[in-house]
Structure formats: C-alpha cells, structure tokens
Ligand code: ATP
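Below you will find one chain, with nothing else, as structure tokens; this is the form predicted on its own, and questions on how it binds or moves follow later.
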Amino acid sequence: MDIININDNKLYYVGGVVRDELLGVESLDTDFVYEGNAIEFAENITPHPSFAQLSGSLCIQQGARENPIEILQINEPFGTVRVRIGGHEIDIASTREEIYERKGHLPTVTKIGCPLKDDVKRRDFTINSLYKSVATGEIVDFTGGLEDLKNKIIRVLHDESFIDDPTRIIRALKFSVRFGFKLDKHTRKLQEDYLKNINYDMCYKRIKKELIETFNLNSQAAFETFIKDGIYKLVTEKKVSLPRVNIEKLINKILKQVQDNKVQEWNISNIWLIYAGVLGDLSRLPLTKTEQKILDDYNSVGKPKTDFEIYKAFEKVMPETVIIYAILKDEKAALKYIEKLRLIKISLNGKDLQEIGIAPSPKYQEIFDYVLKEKLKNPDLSKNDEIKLARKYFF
C-alpha cells in the first residue's frame, strides 16, 4: 500500500485502502487525507532528490521550494488536490466537516482543516473510517472499525446516515458481497426504516454509480439481496420480483462462450445494466444514449417464434438486450440466437444479384430475407446455392 513515504505526521491513508490492507486483499483505490489544508500542503512539498533509488517507493519532503511537484487539479470548495509526483498521480483531501442541507444530495462543506476526529464523522461505515499514518504506519481508529473488521460487521456511524446519503445502502450491499460481511442489527433496522419511507429527491447520478459498481460484480447473491431486502425501491416504486433465471450463471455461460471463441464479436460491456434492466423502470437514472437504446430495443422486441423471426429480432441489437430478453421473456429463444442462429451469415450480396441480372431495387431485401430463411434451415448452403435460390425467387 505504501505509495509514498513522507515525513509528515499529518498525512494519512484513509478508508478502503486501509481496510483492504488489513483484510489482505487488493485495494481498488488509494485515498489520502491531510489533517489541515491539503492544497496548502501540496503547494509546499517537492520530490525527494533520491526517490528514484528507493525501491519503487516514492518519497517526498516538505518545505523545499526547488522543483515543485505538479499540481494537476484543485477543488477549493472541498479542499482536495490532485498532484503528480514522479509518475504517480494521487488525490489528497483536506480534513473537513460537512452537513447535508439537502438530504440525499452532495453535502456542504462547513470547515476545512478540522481535527481528524471531526473528519471521521462524514464517513459511511466504521470499516471505512480507519486512518493510517503515512509517516509512522500507526492506525487511528475513532469508531471501532478494527473490531468490526474482525467480526465482519458493517456499521453506520450515526442514525441519520442513510437519510443523509441513501447510496450507502447500495454501498453496504457491495461490501457485503466483496468481503462476506453482514450489517449489524441496528444498521439493518435503520436501512429497513428508510426503505419504508424513501425520499426520492436524491442524486441519481450517485445511485447509478453505486449500482454499476455493485452489479458489475456479477453476483446473483447480491441481486437477490437487492430484491428481497427491497433495496430496489431506491430506483423504482414499482413492485419487482426475482426472475426465474439465474442471471450470474447465464452471463458467465455467455462470457465463457465468448472466451472460447464460440460466440464471436460479442462484447458485453454493461453487465450492470442487465441486472438493473430487470427492474423495468429506470426512468430516474441518468442513462447514456447507448444504455437507453439497450432498454428501448428490449421493449420493442415482440414474441418471435420462427428461427427467421428470432434472427431478425436480435441481429441489430446489443448483447445486453438479448440477455435481458432471455431473463425476462424467453430464455430458450434468446440462447438459440446467441449460440446458433447469430453465427449463420449469408454470403450473397448486391453485386451478386446485379451479375445475375437483377437491377437494384427494394426487392433486394426480399431476396436476402428469402435466402436467409433457407440458410437458417440449412446452414451448409454454399454461395452458389444462395445464388440459385435468388434466381429461383426472382425469376
């Protein structure tokens, strides 16, 4: 975890990076906090001249003015700064105090440079509220996070936590899946109470972010908890039930086929949307055009029965649309397309039709469809066979 080595007892690692190191798992990010004003701190540090010889660790010293580090970005209202030091880009936050003037939205910073014991109050769970001194390696624990890590417990810091930030409910689910932790009894009661009386005036950009991180874990257990515990109510007020299809197994089956090159040219880049799509109503989420098209295409697919109808229904849609269809409507038809039908292609083209005396016209599409129907029945048809079929159909 030691990305930098600095002789300043006010700089700390904080949050997930400390938690993950103690759990012995790889951390997804590294957060720093400075007990004071991080921007002023960054403006007064430079790379140590011998950092390149220090076994890959990056050392910096405070107070020197020559060759200052590169400050990439400053966010004055939140007291955060992004810097580059020796090829490393790191974010450093100031300790700060916050209040939620508008519940469910971003907090307002009321003080920058507060003591560490006040900074901890804005954190989500005790297991994410641990600090580790960059200078000494000492762990600072104000909330009992070390004990909760030991007991595999997820605990909020105060009773207004979910009211202030309901995304923490989804975040708790994510951590429970990643680490096998459980909500403590009181935290679960607070979650249940909030889900009975949701304030839908919340930041859905943040809700979407947490959904992406949680559902991209591709965990059926997480999704079942999401539905059974009513967490889905954060997204939609409509009643949602668990589908019969095991989504994780279905996705893994298709991913395995892609890996084995049995399903060519398929790129499933929105796993989270497959899970979220089961909810039906995602109108509150700020979806991209691509994400919205996946859902619109699903809604436009009727009930194809023949191989030709199935082929035409799915040939121009994204893989996620087909998978959502498999989950919610007809798994057999969707898998038939994925595993068999989509691999069948006709070789016949417009130039071939012109060469046999058929002038360009809307009739071309009828010919292609006729040949496709026949090839779906007999995938071994050669290009010469396709040309013969075109002649037969037109002449």
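We number the residues from 1 along the sequence you see. Please read these numbers as outputs of a predicted model, since none were measured by experiment.
In what follows, reference is made to the form predicted together with this ligand, a form of this protein that is not presented.
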Just one of 329-337, 345-353, 363-371, 26-34 has heavy atoms within 4.5 Å of this ligand in the model of the complex; which?
26-34
Determine whether any heavy atom of R123 comes within 4.5 Å of a heavy atom of this ligand in the model of the complex, and answer yes or no.
yes
Classify N128 as contacting or not contacting this ligand in the model of the complex by the rule of any non-hydrogen atom within 4.5 angstroms, answering yes or no.
yes
My question is simply whether K233 lines the interface with this ligand in the model of the complex - judged by any non-hydrogen atom within 4.5 Å.
no
Quick check on D20: any heavy atom within 4.5 Å of this ligand in the model of the complex?
yes
Each of G15, F175 and E213 within 4.5 Å of this ligand in the model of the complex, by any heavy atom, yes or no?
yes
Just give me the single entry in T321, T167, N270, Q191 that has a non-hydrogen atom within 4.5 angstroms of this ligand in the model of the complex.
T167
